[in-house]
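The chain that follows stands alone, in the form predicted on its own, written as structure tokens.
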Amino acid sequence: MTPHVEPDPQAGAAVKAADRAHVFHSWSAQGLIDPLAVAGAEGSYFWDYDGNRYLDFTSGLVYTNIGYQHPKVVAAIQEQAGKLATFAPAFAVDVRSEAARLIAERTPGDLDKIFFTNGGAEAVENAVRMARLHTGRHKVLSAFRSYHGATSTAINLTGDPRRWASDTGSAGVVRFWAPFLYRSPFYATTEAEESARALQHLEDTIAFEGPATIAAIILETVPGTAGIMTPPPGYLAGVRAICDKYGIVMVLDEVMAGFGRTGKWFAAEHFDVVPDLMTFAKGVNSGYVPLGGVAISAEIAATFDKRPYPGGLTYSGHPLACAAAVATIQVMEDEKVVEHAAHLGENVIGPALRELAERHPSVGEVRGLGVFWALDLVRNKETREPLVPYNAAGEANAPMAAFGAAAKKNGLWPFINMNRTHVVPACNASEAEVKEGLAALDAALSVADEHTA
């Protein structure tokens, strides 16, 4: 595959100049960034105005689950724009109804009502609001090593450092430790110990906070940006049982893990658990038009049968976004994308990453499933000291910066967060593309190896 435009550095310079003059970027010190000017993208690749092509091992922000510019989704958006480009959310619109139906068919259990939002953070905001109103309680428990979005409640629920600058302590947010055996906060040595001790810690936290004050527990089914830590067997079922015991709403955040990313439509299917509320976004339409939502159980939906739900969004269920979702889900069915993602994880990515871990002293642990993997990079495999300190910046982050630069030089655009690199290509990436990316990753890890002890 080659770029669809001739190299045009002058055009790229103009794009960059306009960006630097007027665009305010998220999560960035504006004067210290140098964003790449992108000329185009297709499938698993994108390219710049100099003609450099990159294999995207980030799927955008882990949302282009069917790659860039899938022709059937692009055509669906174009067709919908010609038919009905927008309409207010209070009306019944065919494409909105169809998107809701297709999503509800794939969610577990009785999560059959869909509240549409513009993205994942708004989905979390509304899920928490529903839980609080349904229970009449105010506290929400969330885990350290989590990310739930950057709006007011969502950022306070988040358990990573992006919360710190806005940590005004959204009323009633309580954090706890979720299981993570490789860096266990419970001194566990087996998955069974980690699961049991994490569940005991959670129930102890509930006891001391007061069960009658807790509306919800929110968890990423498989935490994403925080490190792709697949929960140990029995943990999510144990959380479900605790929620049932105390009348607490269980909210699973599937914004990143949903829609094929883990080799199932939703990651909850791996654990045979049905939450009361499930948030989604990103892969629902491969990010082509902003869309998210909350899948709602029958019991919670019934709370608002006669009582108005006090929440809404101007663009809830936007027709263009819903058309993209309908087309994306159909593409995933027709092209067996979910099954392909499972195959890639089991037979291509997982074995290859474990082989890399054997050869590279910088790889402390490999973990993941489907097309949702993380490499925990370390200075020393025995001590498990991270390759860079927690939340490192500047010179302290130099080893990871050098690793990232090496990957890009080899034509791979990596997903890097703290001391980890995540392997999250498109769910429909070919085996050849994945192997190309893994070869580039192999070479870049040699740079990380130089910083081990």
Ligand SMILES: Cc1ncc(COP(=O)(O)O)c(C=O)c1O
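Just so you know, these numbers come straight off a predicted model, no measurement behind them. Numbering starts at 1 and follows the sequence shown.
Although not depicted, the form predicted together with the ligand is the subject of the following passage.
- This chain is displayed alone, yet in the model of the complex one of Gly149, Gly287, Gly238, Gly227 has a heavy atom within 4.5 Å of the ligand; that residue is Gly149.
- Of the residues given (Gly370, Gly317, Gly120, Pro179), Gly120 alone sits with a heavy atom within 4.5 Å of the ligand in the model of the complex.
- Only one segment in the set 71-79, 356-364, 252-260, 304-312 has any non-hydrogen atom within 4.5 angstroms of the ligand in the model of the complex, and it is 252-260.
- Taking the partner from the other structure, the ligand in the model of the complex has no heavy atom within 4.5 Å of any heavy atom of Asp276.
- In the model of the complex, just one residue of 185-220 lies within 4.5 Å of the ligand by at least one heavy atom: Glu220.
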